[in-house]
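Before any questions on how it binds or moves, here is one chain, the form predicted on its own, in structure tokens.
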């Protein structure tokens, strides 16, 4: 827009604020007048440079040129990029197998999306006394190949391992579990090249927020390097990582911190692949994103995703020299959403309203709606079938009844949204530069910078909630006696009983003891010694050894203990 015209708009705005806005705000006692935005806020705006078309660089509008809405047919799953089924995992492998069989009987298809128990995620076997009481509690326990064999009894025929995708929320020892997956496939006569799936394999964010790390950051990055090299050469259908900025936000980070921290982590992963001699365009397209963002501030979340896509595209293209646009595109199962941290245990059904707002934000931010999480998320892992049905139907209502999926990036060119996107991107670059100046993500984690910043932000947010500066309906406002606490009456039995959960640990110990008694222990011992020697050689890729160990039923902890002996073990207070 011509400079003289912008000056005229600025002058008119000043008149409007003085003669119209201020009197109205005073009359209606508005402490914070409603905002209004004009072209003067995006001076120098260039549509092709700053926004472009959906599915094209810089991907501001959307990662894909069409909204990924499935056709209405039996079994169609809401969302766009979901290949595996709902996040789930219960007690013993037998319990989880039975759950997946029951889901299949209800018409649900797709591979498992494993929730693993904490001992498994931290590299401990179920018979380790230090993890007593935790086995099978927040997910399924996996100790050896035997456990994969049991779970995948639910996946045969047209749901066999070469026809489904499997997701695993595993990070520190992701390569060991992938090796077990490969070993099982080969026992079924399925070559590893035909496998599909995604290990989370985002170990750096575990140090920052989630906490299921094992080894220190640098040997953890050596494990990640092995993933990049081995997966790129041998596993074309397996994604290398699923970067989770969302976990960092849930840990307490602000929007700007999440952006800076997760992008710095992404850069560290890309650099690891480049340092290993892999062409950026050969492996960057195999990076996925678990999710980013997560709050009820709908406009800011939409702008966040527009800025985030643009920043990642610039990083991959300008810093790493990628040529293919698919290397620069963020692939993620959901864009804007409210995050689990926005749900409340008080008046839990209010979470339905909140997640619908998150679904709308997803649509406005350039993708399909994700009505996430199910309303009963704050009540604990093990979403009820009713909650899942309501979440799925919420997404379906947005997709098929509202017409909102007919338009991608409806805010494109908006004075308000483009200026807000620029503002958030600017803050993201500033935060990222601060980490770059420290030496990058690994150094920022080793010194505890990211962890301290998140802890401080989480404490500040909680203090603001307690002071009533952040309002949560039914929690710190509208809690008078006449307000009604609507309760939930379960109509459908929970898929996993409390008794099974109680018995899981002892059953899994018996299963593991039987494996250790009947396997070739001499060969296991020999291979573990080989693993120790190989781990001491920085340049050696450990994946082939992990596969051999899996085939011999070596346990997860046996392998992790060898690596602990070579790599060391990261302690939470190491950086203090």
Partner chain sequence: MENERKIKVLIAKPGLDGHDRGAKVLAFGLRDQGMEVIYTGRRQSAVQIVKAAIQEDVDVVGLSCLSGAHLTFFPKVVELLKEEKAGDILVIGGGIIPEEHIPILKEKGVTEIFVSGAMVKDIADFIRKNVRKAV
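This is a predicted model, so every value here is computed, not measured. Positions refer to the first chain, counted from 1.
Quick note: we don't show the form predicted together with its partner chain, though the next part is all about it.
Quick one: of 132, 407, 385, 102, which gets a non-hydrogen atom within 4.5 angstroms of its partner chain in the model of the complex? Filtering the options by heavy-atom distance leaves 132.
So its partner chain isn't shown here. In the model of the complex, which residue out of 372, 312, 213, 90 has a non-hydrogen atom within 4.5 Å of it? Flagged contact: 213.
Consider residue 252 of the chain shown here, and say whether it contacts its partner chain in the model of the complex, taking contact as heavy atoms within 4.5 Å. Residue 252 belongs to the contact set for its partner chain.
Heavy atom to heavy atom, is residue 95 within 4.5 Å of its partner chain in the model of the complex? It does not: once its partner chain is placed as it appears in the model of the complex, residue 95 has no heavy atom within 4.5 Å of it.
Residue 161 versus its partner chain, in the model of the complex: is there a non-hydrogen atom within 4.5 Å? Contact check for residue 161: no, nothing within 4.5 Å of its partner chain in the model of the complex.
Given that the partner is absent here, does residue 236 sit within 4.5 Å of its partner chain in the model of the complex, heavy atoms only? Result no; residue 236 lies far from its partner chain in the model of the complex.
Hey, of 450-458, 163-171, 193-201, 179-187, which bit sits against its partner chain in the model of the complex at 4.5 Å between non-hydrogen atoms? Answer to the contact question: 450-458.
Non-hydrogen atom within 4.5 Å of its partner chain in the model of the complex for each of 122, 345 and 466: Yes, all three are in contact.
Heavy atom within 4.5 Å of its partner chain in the model of the complex - qualifying residues of 196-212: If the 4.5 Å heavy-atom criterion is applied to its partner chain in the model of the complex, 196-212 yields 206, 207, 208, 209, 210, 211, 212.
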